[in-house]
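Okay, here we've got a single chain as structure tokens, the form predicted on its own, with questions on binding and movement later.
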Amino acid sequence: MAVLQAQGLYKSYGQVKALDDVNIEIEDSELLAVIGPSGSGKTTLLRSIAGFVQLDSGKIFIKSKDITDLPPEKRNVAMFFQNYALWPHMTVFENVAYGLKIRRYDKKAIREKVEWALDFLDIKSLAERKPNQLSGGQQQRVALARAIVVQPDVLLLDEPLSNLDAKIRMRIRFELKALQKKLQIATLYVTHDQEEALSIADRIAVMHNGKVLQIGTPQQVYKEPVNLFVADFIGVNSIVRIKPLDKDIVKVGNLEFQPQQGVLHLVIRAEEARVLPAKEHVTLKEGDLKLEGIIMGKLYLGSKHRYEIKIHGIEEILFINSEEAFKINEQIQIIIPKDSFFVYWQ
């Protein structure tokens, strides 16, 4: 059963369409991650569901109840604000307890729930501090604790882990996912971090210019992108663009493509490509792509190098990470498995 349904949402600011016929559903205990570039409509969608943005048209339902015109406090949703929105005069404990007090929980229940939330996010020792005594990452964890402690019908998270350091962020991903499933909270999770979305989401919605371009499992969105934008946006990619010079065939590396209208865009999953010495023998599987080129530049990334590669016969420069060590001006070959590149004409 869908806990949250957003149907035909439109919102414009002058000539800018922040939401353009957006339709989403979130099932009971499901986590839907919304990703897209800045200005794609992610936060507007989140704030519309929370009740902070008045829609031009469309309907929002929570558990089949039309909440489109209800004020935020009547929607039984909890939102994590990107700017934290903590009360400066309250302690951490009081900030987290605030929503429970509004909902008229008794003192014992408030203390138990708040202590559980603080312990879960590893901030129990901060309970008596004020927000101005906390670091940015600590403030963010307090805001997250305040959102989850009320056990809402829908949890709205806007970049909840962005200010945490890498180790804590990785741990909280696992714990947040486990908590969300345990409490069976339908969750809308906005993030710029694709790895975060792929690892934590049950489904992913990709937005661009106010539209939802694709909704699917992380595997579907990554392996079966519906268009050039989604293919390029998800993952670490390089793009080869070729304008056909004749009507018979377009050759890229060892593969040939039938010309269609427009320019050929070949999106290569750079993280799945292999860079090998030019003379190394490679047995290709059917559909694999082989490109030959020369190393133009490199950056040391610790466990890998990031190479700037000029492909023979192609104008674009490709950027590929590899554990192999190559020298500048060395001739190389790139092997891309057939499921690791996508072809679009436009």
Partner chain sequence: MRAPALILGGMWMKKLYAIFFTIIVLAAIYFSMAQIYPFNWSIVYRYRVVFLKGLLTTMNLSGFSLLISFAIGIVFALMRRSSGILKEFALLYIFFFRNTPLLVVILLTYYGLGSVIPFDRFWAAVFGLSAFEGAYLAEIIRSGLDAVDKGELEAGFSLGLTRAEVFLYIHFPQALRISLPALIGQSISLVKDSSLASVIALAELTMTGRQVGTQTLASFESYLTIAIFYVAVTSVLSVFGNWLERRLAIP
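Positions refer to the first chain, counted from 1. Keep in mind that this is a model prediction, so the values were computed, not measured. The term rigid core refers to the maximal set of C-alpha atoms that superpose within 1.5 Å between the two forms.
Same protein, other form: the form predicted together with the partner chain, not shown, and the subject of what follows.
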Heavy atom contact within 4.5 Å of the partner chain in the predicted bound form, the stretch among 295-303, 46-54, 279-287, 62-70: 46-54
Output flag, 90, 103 and 146 jointly within 4.5 Å of the partner chain in the predicted bound form, heavy atom basis: yes
In the predicted bound form, the residue from 252, 86, 123, 273 that sits within 4.5 Å of the partner chain by heavy atoms: 86
Selected contact from 77, 118, 201, 212, since only one has a non-hydrogen atom within 4.5 angstroms of the partner chain in the predicted bound form: 77
Non-hydrogen atom contact residue 235 with the partner chain in the predicted bound form at 4.5 angstroms: no
The partner chain contact in the predicted bound form: residue 98, any heavy atom under 4.5 Å: yes
Close approach of residue 185 to the partner chain in the predicted bound form, 4.5 Å, heavy atom: no
Residue contact check: residue 110 to the partner chain in the predicted bound form, 4.5 Å heavy atom: no
Members of 123-137 lying within 4.5 angstroms of the partner chain, judged by heavy atom, in the predicted bound form: 130, 132, 133
Residue shift check between this form and the one not shown, rigid core fit, residue 142 Cα at least 2 Å: yes
Is_shifted residue 235 between this form and the one not shown (CA, 2 Å cut-off, rigid core): no
Large Cα move at residue 210 between this form and the one not shown, threshold 2 Å, rigid core: no
